[in-house]
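To begin, one chain is listed below as structure tokens, in the form predicted on its own.
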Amino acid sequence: MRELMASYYMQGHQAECNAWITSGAPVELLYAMDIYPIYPENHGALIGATKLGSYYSDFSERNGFSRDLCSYARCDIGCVFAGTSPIGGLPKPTFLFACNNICNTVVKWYEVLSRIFKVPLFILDTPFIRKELKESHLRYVEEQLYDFIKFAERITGRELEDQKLKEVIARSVEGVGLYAHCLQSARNKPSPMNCFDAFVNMAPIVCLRGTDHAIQFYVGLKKELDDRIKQGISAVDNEEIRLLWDNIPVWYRLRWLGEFFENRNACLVADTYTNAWTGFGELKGNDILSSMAEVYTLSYLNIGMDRTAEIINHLIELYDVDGVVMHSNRSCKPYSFGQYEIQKKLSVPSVIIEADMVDERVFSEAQVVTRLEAFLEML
């Protein structure tokens, strides 16, 4: 995993043409045009995991960006001001590609980056699907995909070939299928992995979706997990309680949280965050852009609360969990908004803890311990 991601970042610096892209944008179009994708959000998660979130956020805050803003954005912009990061910083983008199906923060974030780097920005606007997806929604997004192709061809001088796009889509679907199989191995009792394992191993499906690298990685992970099940090796010894995590991880406390639950014979067997990427496996090859419009518009954070609650309840049933741990994430309003309302619609008990995905200054260990211990005792 480390070797794969180190190679990914190194090749980004060497690439002749690259685009900074949001995690919910259709990366398959970039790979099909030999445009290397760079993910500032993944970079932010890496900063959080190295416990440097507040350090790089401070560079943004000293330049006028509020502490109330997304910590991924603050870290990423802070690295630009600092001129470095834990991996030496990201390469300057050829252009920027933002899709607001995950949040609207990315629109302003990428506008800031566009001004800093003086490079073009394309924003793919997806309508929020409160209830049902309409034909007008699909046509609106599909037309923008055609616009993006023209935009990228004009900026880079490279043309999109239909056959190459079909090949990338096929690899993307295969990779997502393998990834979904890995996640669903946690349905086994006891589970061979927990959500903290899933968090660590999700980077290829985000950054390398549509490549052979992702396929090879998840083939290996699938084999390892299948072997663990056959040998009876579990993520948590004496698994007694099965839980589901909601929201982005608390990256700087992964190990601490993992040990906290393990010491109490509780296993977080699934989560909404990593499962959000399994939806990209619905891409179809017969009408690619229409299929992309549908799949990327119906991303997990671009739907109403009723549909969100349905998805969580489906995961509860699929993984046979006893309770839900909901991370009320100070940085991610779209993900955290409505959690108290969604709580009422869940089929099992739940608890809400307050933290931040990257900024460790927000984390209160005593408060989190008190809430989680009371919740586990109740179960």
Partner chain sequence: MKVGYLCTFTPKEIIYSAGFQPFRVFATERPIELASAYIQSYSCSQARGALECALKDDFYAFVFTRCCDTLMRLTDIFEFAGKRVYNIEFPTKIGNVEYYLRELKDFVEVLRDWGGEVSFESLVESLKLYRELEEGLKQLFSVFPDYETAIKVQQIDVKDAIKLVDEKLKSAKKEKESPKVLITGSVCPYPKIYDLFREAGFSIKDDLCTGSRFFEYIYPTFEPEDLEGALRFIAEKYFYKSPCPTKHYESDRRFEYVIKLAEDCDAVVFLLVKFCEPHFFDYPQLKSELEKMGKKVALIELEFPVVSTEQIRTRIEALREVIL
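Every value quoted in this text rests on a predicted model; they were computed, and no experiment measured them. Residue numbers count along the first chain shown, from 1.
From this point on, the text means the form predicted in complex with its partner chain, which you will not see here.
Enquirer: Tell me, please, which stretch of 23 to 31, 59 to 67, 38 to 46, 310 to 318 lies within 4.5 angstroms of its partner chain in the predicted bound form when heavy atoms are compared?
Expert: Correct option: 59 to 67.
Enquirer: Please pick, from Val119, Met305, Ile155, Ile87, the one residue with any non-hydrogen atom lying within 4.5 angstroms of its partner chain in the predicted bound form.
Expert: When its partner chain is considered in the predicted bound form, the option within 4.5 Å is Met305.
Enquirer: Work out which of Glu240, Glu111, Asp226, Glu262 lies within 4.5 Å of its partner chain in the predicted bound form, going by heavy atoms.
Expert: Spelling it out, the residue with a heavy atom inside the cut-off is Glu111.
Enquirer: Each of Asn100, Ser136 and Gln144 having a non-hydrogen atom within 4.5 Å of its partner chain in the predicted bound form: is that the case here?
Expert: Each of the three qualifies.
Enquirer: Give a yes or no for Leu244: in the predicted bound form, does one of its heavy atoms lie within 4.5 Å of a heavy atom belonging to its partner chain?
Expert: Leu244 lies outside the contact set for its partner chain.
Enquirer: Does Lys333 make contact with its partner chain in the predicted bound form, using a 4.5 Å heavy atom cut-off?
Expert: Close contact exists here: in the predicted bound form, Lys333 approaches its partner chain to within 4.5 Å, heavy atoms only.
Enquirer: Looking in the predicted bound form, any heavy atom of Ser328 within 4.5 Å of its partner chain?
Expert: Yes - in the predicted bound form, heavy atoms of Ser328 and its partner chain come within 4.5 Å of each other.
Enquirer: Taking its partner chain as it sits in the predicted bound form, is Thr105 in contact with it (heavy atom to heavy atom, 4.5 Å or less)?
Expert: Answer yes; at least one heavy atom of Thr105 falls within 4.5 Å of its partner chain in the predicted bound form.
Enquirer: Just to make sure I understand: among 338 to 375, which residues lie within 4.5 Å of its partner chain in the predicted bound form, judging by heavy atoms?
Expert: Those in contact are Gly338, Gln339, Tyr340, Glu341, Lys344, Lys345, Glu354.
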